[in-house]
Ligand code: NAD
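What follows is one chain in structure tokens, specifically the form predicted alone.
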Amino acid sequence: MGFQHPSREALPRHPLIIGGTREAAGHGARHAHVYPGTGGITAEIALADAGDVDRAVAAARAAAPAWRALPGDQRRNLMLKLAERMEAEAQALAPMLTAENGSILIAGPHMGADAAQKFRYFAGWADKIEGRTIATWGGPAHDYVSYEPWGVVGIIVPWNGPLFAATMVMAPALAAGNCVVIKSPELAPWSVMRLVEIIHEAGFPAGVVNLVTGGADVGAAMVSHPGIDKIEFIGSGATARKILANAAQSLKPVGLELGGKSAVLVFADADLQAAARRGLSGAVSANGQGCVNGTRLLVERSIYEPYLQMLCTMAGHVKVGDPFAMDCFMGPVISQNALDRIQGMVRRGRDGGARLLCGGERLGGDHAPGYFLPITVLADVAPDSEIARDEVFGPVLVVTPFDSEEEAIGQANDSSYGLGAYIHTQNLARAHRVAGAMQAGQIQVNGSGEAMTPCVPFGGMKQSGHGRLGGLEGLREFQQVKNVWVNLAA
């Protein structure tokens, strides 16, 4: 009995949408999309090339003056209409999300609703973009600041959550008055393809949002293109370094939301069951392939063994399997290469002295054709080991004990990453104290992802990137500041 393989007939067929026109094929290489649940090919896609990027940028630049000049209330109304359509499409989007990267079907409608929320939230800013006046000295003058769009924003999103990432960037960029060229990832193309179709169905002017589907070469063409004014990249640090080197040639600004090795601090006064359940989400969410997942668990020694026992007991109740099944809570990782890399890190962690409490071995039987790994928990992990310091990007949790608050903070901050951090305690003073000491862009106290809403800023420190998405700070990422000084004595 094999797992369900997605039907090509139900998936979008237009990897390029340029100037409002849907195109069935780009002029680049052909890519065979592999569905990670079965290891089988879903469809071949003719990807974009640099010439297609040229055309997409030209369409965006042609549309930019009118979109920038459109009154804020009209941009607001278009975005609100788009939010309604995204909400209506939430159920239909779910199988596309599963087909592209093996994410579980039951989470799909939430992703569509989340996309609607982002457009609805930033629609509320579109008609409220205003400047400020500044009191000056040295003579009679009037000085004011205005916030203006960059022009054309290039957006490059990852395969692990393409719809989530695309809408997180696109909503503030459009609200601020920018046009967009977005690259859908070749490993997971369908949801972004459908998103851009829905944008045009909602009535957005041709050329405001343009789609090119492709690999690294298409991303490089976008970064180096003189017609793109700013790049927003969500993905790995290794790719980010290449993007920054490329963008440096033209001094193009780049916003980065990168990887993480987010620490979860569990203190002895925490609600142990809730902390274990939320700690488990670091392995389950996005099949363990989430940049902000809490995967590095630091647990106070007095509750260390009970916490481990509870964690592994709960892990045993998480059904791993066909992501199209409504009773499945965790699916496969993205590819054979990813599975090999993850298992190699787990093996080296064991060889280095860590205890493997559960998981670690690829699933066989009906799961064998796909890239399935159960929740894997390693205990007694040395803080300086590879698996404690490097991003695994799979359903793997590493657990280390601590003896004091100071030790926990030191271990949590001893990382090159700084995207998220999670604190579990019932002591409010400790929660604020520890949060203040953490070197991470978003801290959640007694949470495991609830803070990821459009109204709050999200982004990293250190090698987890710079810039913020969400909230007013997210809007400002897509605006340039202009200062005007008028001599009133002239």
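What you see is a predicted model; the values in this text were computed from it and never measured. A residue's number is simply how far along the shown sequence it sits, counting from 1.
Although it is not shown, the form predicted in complex with this ligand is what the next lines describe.
Lys118 within 4.5 Å of this ligand in the predicted complex, heavy atoms: No, no contact at 4.5 Å.
4.5 Å heavy atom contact, Tyr147 and this ligand in the predicted complex: Answer no; every heavy atom of Tyr147 is more than 4.5 Å from this ligand in the predicted complex.
is_contact(Gly215, this ligand) in the predicted complex, heavy atom dist at most 4.5 Å: Residue-level check for Gly215: yes, a contact with this ligand.
4.5 Å heavy atom contact, Arg296 to this ligand in the predicted complex: Judged by the heavy-atom cut-off of 4.5 Å, Arg296 is well away from this ligand in the predicted complex.
Contact residue in the predicted complex, chosen from Glu391, Asp322, Glu89, Glu300 - any heavy atom within 4.5 Å of this ligand: Residue within 4.5 Å of the partner: Glu391.
One residue of Phe329, Tyr304, Trp125, Trp159 in contact with this ligand, assessed in the predicted complex (non-hydrogen atom, 4.5 angstroms): After the contact test, the surviving option is Trp159.
Location of this ligand contact in the predicted complex, chosen stretch of 401-409, 270-278, 235-243, 373-381 [non-hydrogen atom, 4.5 Å]: In the other structure, the partner sits against 235-243.
Residues of 185-199 having any heavy atom within 4.5 Å of this ligand in the predicted complex, listed in sequence order: Residues within 4.5 Å: Pro185, Glu186.
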